[in-house]
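Below sits a lone chain in structure tokens, taken as the form predicted alone.
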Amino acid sequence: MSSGVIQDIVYVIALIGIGIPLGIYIYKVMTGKLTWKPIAALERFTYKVMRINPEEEQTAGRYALSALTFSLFGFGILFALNMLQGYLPFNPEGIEGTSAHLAYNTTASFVSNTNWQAYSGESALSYLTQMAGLTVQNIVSPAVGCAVLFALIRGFQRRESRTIGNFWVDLVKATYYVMIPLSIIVTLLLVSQGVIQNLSAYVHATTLESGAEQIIPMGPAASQVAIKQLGTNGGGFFGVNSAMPLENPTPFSNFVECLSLLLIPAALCFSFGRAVKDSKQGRAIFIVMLVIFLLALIGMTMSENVAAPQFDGVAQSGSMEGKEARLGVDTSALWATATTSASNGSVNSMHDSYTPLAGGIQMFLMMLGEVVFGGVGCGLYGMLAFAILTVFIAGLMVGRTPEYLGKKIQAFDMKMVCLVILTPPLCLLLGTALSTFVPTITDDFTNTGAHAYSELLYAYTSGAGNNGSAFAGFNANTVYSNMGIGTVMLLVRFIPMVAVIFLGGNLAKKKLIPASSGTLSTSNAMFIILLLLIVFVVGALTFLPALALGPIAEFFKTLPTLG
């Protein structure tokens, strides 16, 4: 058994072994069954300062308004930090404020939990912007996703209720009990491995080889790296992200960061099972996600090891272009699969250099709506939307009113489900199509042909998946791309989010229908297979033509060089 296979097995075991207890912990925290005295005191103080009554519950409309208001407030703060950082403290290198279009893109990116970056963090952002802007959004944007997920879960739990919880309470609990404690633990682990965490000025060194000056960036990296991974954010403190030795110096730091990509999204599957009082439901959703993840991992690893271009007189094992020699092909493929499964987007290798099929797999994982684990909260509620679609189709086939977890699925519910499932692909395909009509768009490519199209398709796929990774050959730091991709990121974040909140509100109003002999089981092998088929069929029918013009066409073009 190769070291790469052993690594993948250990990764999955660790994901399950830590994910189950973490999922139980998150369930207890979010339902008020578990508190810590020091945090509980801070929690009460926060409610007092915000003038919030934690006992007062909200309807779906008020819950959605609270979520949007909070995100809009965060948008304004982060936009101002980007624009004014040249006049603010904690800026030892004197970095100026960013342009308005780049500030808009960056703000939209981090508020939407995407962390798409059209800049290099060490050269474009001050320490204050990194800490008070990006790191804060890295904490609260996944907390918002977690809050909305539990609003939906309450829709399944409650009977004839007009309320689905309190957004501000859910947000505070997710932030104080989940995101911050886990971030502290991972930060300490990373600092122990040599990831930098300081407020020092950049180090200017003279190289021994040529005597040229080399600038070594410093800064509070470990704290942002921890939360960017745990919160499925992904934005790197450094431009080259986790390929940077100062951000990811050892095999252990690489494993911790890679595990953090999927840890909370995986754990939430088990939280869901506990919350609906049927652990089999959570396991069924987790199995579907894991199967798609493993299929993608196998495909990407094989493509990178077998389909790499061969050169006369050059001995090579797999495609090492764009990868760190210290990490290798298998480790890079595992990370690339995990980061495009979760709506994370951090990288430890350059995705633009992957073989065409591997690049296509990365895009397809994002095109599915980032439901294979996906982002914190939003990945699971996206997969639950597919689960509802599955029972709806099954109900049509047998002529029975579809039910899911004891709730009848009716017209309004399916409208909300369609918004959740269809908004990302509509924004993705429309954004890509409109971009091809921009006369100057070809000036932003460093490649031509099918690969150039793949770079553009990947950019909008990443934005529409709230992912944030990129094919780096595409220059996205232009007015058009910053505004276009930024708008796509906001639409695909908040339209489905509001739809999920109203879906939860509508489900909460309904009576609970006892299971009967005709009720479709949503936790057995047949349902798992049906859900897998629905996810793949929707993805294939929607995106196969677009993929055929990019990575698939590029693959067939390279076939003569593979012999």
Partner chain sequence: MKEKKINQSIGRDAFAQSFKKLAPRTQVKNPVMFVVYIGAIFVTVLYFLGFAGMQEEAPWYVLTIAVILWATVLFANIAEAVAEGRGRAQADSLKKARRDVVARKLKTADIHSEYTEVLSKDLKPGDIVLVKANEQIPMDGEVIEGVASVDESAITGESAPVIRESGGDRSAVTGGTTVVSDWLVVKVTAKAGESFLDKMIAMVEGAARKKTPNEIALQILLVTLTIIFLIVCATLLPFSSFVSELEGAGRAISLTNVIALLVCLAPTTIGALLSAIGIAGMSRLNQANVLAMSGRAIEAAGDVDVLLLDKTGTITLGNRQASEFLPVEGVTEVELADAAQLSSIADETAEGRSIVVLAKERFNIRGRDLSAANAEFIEFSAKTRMSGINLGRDEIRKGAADAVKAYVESKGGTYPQDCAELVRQVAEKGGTPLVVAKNNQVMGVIYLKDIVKNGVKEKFEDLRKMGIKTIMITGDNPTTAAAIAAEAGVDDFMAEATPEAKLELIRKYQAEGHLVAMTGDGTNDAPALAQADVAVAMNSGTQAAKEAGNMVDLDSSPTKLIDVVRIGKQLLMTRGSLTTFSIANDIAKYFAIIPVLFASIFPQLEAMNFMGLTSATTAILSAIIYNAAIIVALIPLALKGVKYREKPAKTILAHNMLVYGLGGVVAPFIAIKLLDMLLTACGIL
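Numbering follows the first chain given and starts at 1. Remember, predicted model here, so these are calculated numbers, not experimental data.
Not on display, but discussed next: the form predicted together with the partner chain.
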* Quick one: is G449 in contact with the partner chain in the predicted bound form, heavy atoms, 4.5 Å cut-off? -> yes
* State yes or no: in the predicted bound form, is some non-hydrogen atom of M526 no more than 4.5 angstroms from a non-hydrogen atom of the partner chain? => yes
* To do: Give a yes/no on whether T401 approaches the partner chain to within 4.5 Å in the predicted bound form, heavy atoms considered.
  => yes
* Would Y176 count as a contact of the partner chain in the predicted bound form, using a 4.5 angstroms cut-off between non-hydrogen atoms? -> no
* Using a 4.5 Å heavy atom cut-off, indicate which stretch of 331 to 339, 385 to 393, 282 to 290, 262 to 270 touches the partner chain in the predicted bound form. => 385 to 393
* Which of these residues, F156, W168, Y104, Y453, gets a heavy atom within 4.5 Å of the partner chain in the predicted bound form? -> Y453
* Does each of L182, L190 and V203 have at least one heavy atom within 4.5 Å of the partner chain in the predicted bound form? -> no
* Taking heavy atoms and a 4.5 Å limit, what residues of 509 to 535 are near the partner chain in the predicted bound form? -> K511, L512, I513, P514, S516, S517, G518, T519, L520, N524, M526, L530
